[in-house]
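Take a look at this single chain in structure tokens; it is the form predicted alone.
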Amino acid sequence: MAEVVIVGAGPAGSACALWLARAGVAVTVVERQRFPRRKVCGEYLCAGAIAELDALDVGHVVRRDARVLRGVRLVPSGAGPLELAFAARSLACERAVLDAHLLTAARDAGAVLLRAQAEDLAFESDRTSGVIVRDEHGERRTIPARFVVGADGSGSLVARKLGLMHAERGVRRFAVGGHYRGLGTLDHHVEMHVGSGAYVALNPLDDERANVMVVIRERELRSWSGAIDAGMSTLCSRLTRNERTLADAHRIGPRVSIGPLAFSVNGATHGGALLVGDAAGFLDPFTGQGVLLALRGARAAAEAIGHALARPAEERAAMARYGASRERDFRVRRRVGRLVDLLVDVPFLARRSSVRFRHRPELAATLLDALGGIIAPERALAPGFMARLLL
């Protein structure tokens, strides 16, 4: 019997499995897809995420297959281009590569991979007692466990079955993207072109290929009427002022999409179960905090489970600490993300903040360090910082 069953083998699930397996915990990872797999995201690793990979002793492996990034080239609505340098090393790394390295390390440490589709949770009284899966042969069976970890992304089945999903309000946005060749040099910089509630992100994976992701409102996506490639091309040309055109580029592999980009939960724990990564709340990918939050949450979840397994009488307190920590970190990082949205998408604020960043580069450094996990994100929300930035 597994002590822990983890649903999902992305960065959060595999990192949690790796921490647990190295601590001697019997852990099974349930994953329906075969690796390597293509995932839609910016494929960006901030300094804080790299530090977490180093703590897992997989950072050196990831670095071999990644590209060093020097900074962000931001073109906000109503303002000129702004180049912001990273204070600490950041990387561009394909998710297919990152996910495979983490899962391999978890399996090497003793975690068991079960290729199956999670369909339901098993309960004893009000506590989870395992995961009901359908394996590759079509057999439906229960994998019993003392703890269940939901690491199955936004729209999490585990969160739904626990009754923790929270309905999101407001405008729904979707991400569409893929890998492209022929966009020209990006000079080791992530480019972000923003305007009218949409943005285009270009991340150089190597000298020839770039990750291109567009994020748009649902209304505009529907207006494309199924002509997704043409819509992406038009939007990219408009937001980049024809500096980067998909018409001159060639997509490598399939186009991928995800949405809506909003998912939150009423708590990250419930009777023998924990949520990690996007399953515990989804952050807008614009600020590149997703992998950082996933890896830090994985470590915290593994620590809570390890404490509860060693001291069953203290399980409730350990789970409460994890849930409170996850909620606090998610809430403040979402607020920083919303601040950035305002600074780049509202023309008046974009112009003002651009001037401030050019004349006071320490302000830009503070914001990037907060997003990148180098300093506490609260630093970017402090009244003193906001006053220096906007007044």
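Numbering starts at 1 and runs along the sequence shown. Note that the structure is a prediction, hence the values are computed from the model and not measured.
What comes next is about the form predicted in complex with a small molecule, which does not appear here.
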One stretch from 24-32, 343-351, 59-67, 361-369 that, in the predicted bound form, holds residues within 4.5 Å of the small molecule by heavy atom: 24-32
4.5 angstroms heavy atom contact with the small molecule in the predicted bound form for Phe147: no
Quick one: is Arg335 in contact with the small molecule in the predicted bound form, heavy atoms, 4.5 Å cut-off? no
Would Leu18 sit within 4.5 Å of the small molecule in the predicted bound form, counting heavy atoms only? no
Examine Phe282 and determine whether its closest non-hydrogen atom to the small molecule in the predicted bound form is within 4.5 angstroms. yes
Considering non-hydrogen atoms and a 4.5 Å limit, which listed residue (Gly153, Gly178, Gly267, Gly195) is close to the small molecule in the predicted bound form? Gly153
As a check of understanding, the residue in Pro76, Gly288, Gly130, Gly272 with any heavy atom within 4.5 Å of the small molecule in the predicted bound form should be identified as Gly288
